[in-house]
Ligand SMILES: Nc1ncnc2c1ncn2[C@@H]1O[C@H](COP(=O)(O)OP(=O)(O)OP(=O)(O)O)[C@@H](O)[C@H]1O
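In structure tokens, the next block holds one chain alone, the form predicted on its own.
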């Protein structure tokens, strides 16, 4: 039986999104693209409600020592 996932509108915390198994578009590849670009400055210009804060939350949790060993998030 395939259980439907909830689409969480307004959730801006990556850990909460993963912990509650909300439906989302996986953008973890964004981290690799951003890192490998080696840019000094990164401008993320997107319209409102387009996931900017969620992407930054994901990047913060990926690099933060506070989330060391949290393979369940990625």
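Residue numbers count along the first chain shown, from 1. In this text, all values refer to a predicted model and were calculated from it rather than measured experimentally.
The same protein also exists as the form predicted in complex with the named molecule; that form is not shown, yet it is the one meant from here on.
Under a 4.5 angstroms non-hydrogen atom cutoff, the named molecule in the model of the complex lacks residue 65 among its neighbouring residues. When the named molecule is considered in the model of the complex, residue 11 lines it closely, a heavy atom lying within 4.5 Å.
Using a 4.5 angstroms threshold between heavy atoms, residue 32 stays clear of the named molecule in the model of the complex. Not displayed here, the named molecule is kept clear of residue 16 by more than 4.5 Å at the level of heavy atoms in the model of the complex.
Counting a residue when any of its non-hydrogen atoms is within 4.5 Å of the named molecule in the model of the complex, the hits in 22 to 55 run 23, 24, 25, 27, 47, 48, 49, 50, 51, 52, 53, 54.
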